[in-house]
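A single chain comes next, written as structure tokens; it is the form predicted on its own.
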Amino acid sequence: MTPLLTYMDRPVEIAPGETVLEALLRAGIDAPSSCRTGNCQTCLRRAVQGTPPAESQNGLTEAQKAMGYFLPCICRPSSPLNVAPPDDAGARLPATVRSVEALAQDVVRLRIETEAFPYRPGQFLKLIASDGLERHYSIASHPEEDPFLEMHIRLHPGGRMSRHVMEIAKGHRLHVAGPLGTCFYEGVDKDQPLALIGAGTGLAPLYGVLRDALRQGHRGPIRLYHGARERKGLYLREELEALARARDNFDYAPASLDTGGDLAALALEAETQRASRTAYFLCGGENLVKRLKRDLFMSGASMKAIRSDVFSPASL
């Protein structure tokens, strides 16, 4: 008989009327919490199997709901739930390198093949090169269009993963785990304006979201802002410019510091008057994402309408 509650494959006893949080704590499982009323979201967890009760997802974004996130402090399950921490990447899967090609001077496109890896464009995965050498990378491919997983990887001088990526070739074996993240199109109103803002390889998840939005027939205007330090770092520029010419509802706005372009300033100047009705996807460094979130919110954007993916530098 399947237990009503499982935590990372460990069966947990839960009494009738008891919340998931109460059951986890009684079982001695570390489960941080604060308000215990579903407001602070400190106890956020993810159901990797089973469907959380709708009331346990109150206050979460549509993307979080789609990924199975819920609030254990107000969750009283009536059907089996297998629960994991919110950032748990799951089991490792073997993968094979399909190709590695340069997109810019310091950016390469890595395409790999693996079995049974369901994901949404814009999420990220854990790429595992060897024990102790793993990094998170956003997914730029589309599961319904591409027979591979695509990542855009910035090459850092002296970086361990950078050296490894430069040395691998077609047929090389790796592992992946995931997917993770809520930076995907699902939950956006098709008639709603959509703004995608990212710097550097922050373009990768936005490229996936853009393709998904177009495939699903998004009717509202779509604007993609991409920034780089140098103009030559605006990779995929020709492809995106061609797409903007071909699609009436898509605009592409590149910005590079060496030509006087400031990504945040460009995007905020254009978005201030329409922030309250737009869905935003923000991808890039912590300072950029924080600034955009703050200023867009002050301009009237709803925090529920802002999804973000912060790129944190890994130790070399």
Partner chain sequence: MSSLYERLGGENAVNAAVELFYRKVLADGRIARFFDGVDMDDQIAKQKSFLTMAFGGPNRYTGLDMRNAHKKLVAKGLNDSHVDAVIENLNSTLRTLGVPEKEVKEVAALADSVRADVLGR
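Keep in mind it's a predicted model, so treat the numbers as computed, not measured. Residue numbers count along the first chain shown, from 1.
Keep in mind that the form predicted together with the partner chain is not shown, yet the notes after this line are about it.
Site residues Gln41, Lys290 and Lys304 are all in contact with the partner chain in the model of the complex, judged by any heavy atom within 4.5 Å.
Only one of Ala265, Ala54, Ile29, Cys35 lies close to the partner chain in the model of the complex, with a heavy atom inside 4.5 Å, and it is Cys35. Only one of Thr259, Asn58, Gln49, Gln273 comes within 4.5 Å of the partner chain in the model of the complex through a heavy atom, and that residue is Asn58. By the criterion of a heavy atom within 4.5 Å, Met298 is counted among the residues contacting the partner chain in the model of the complex. Using a 4.5 angstroms threshold between heavy atoms, Arg10 stays clear of the partner chain in the model of the complex.
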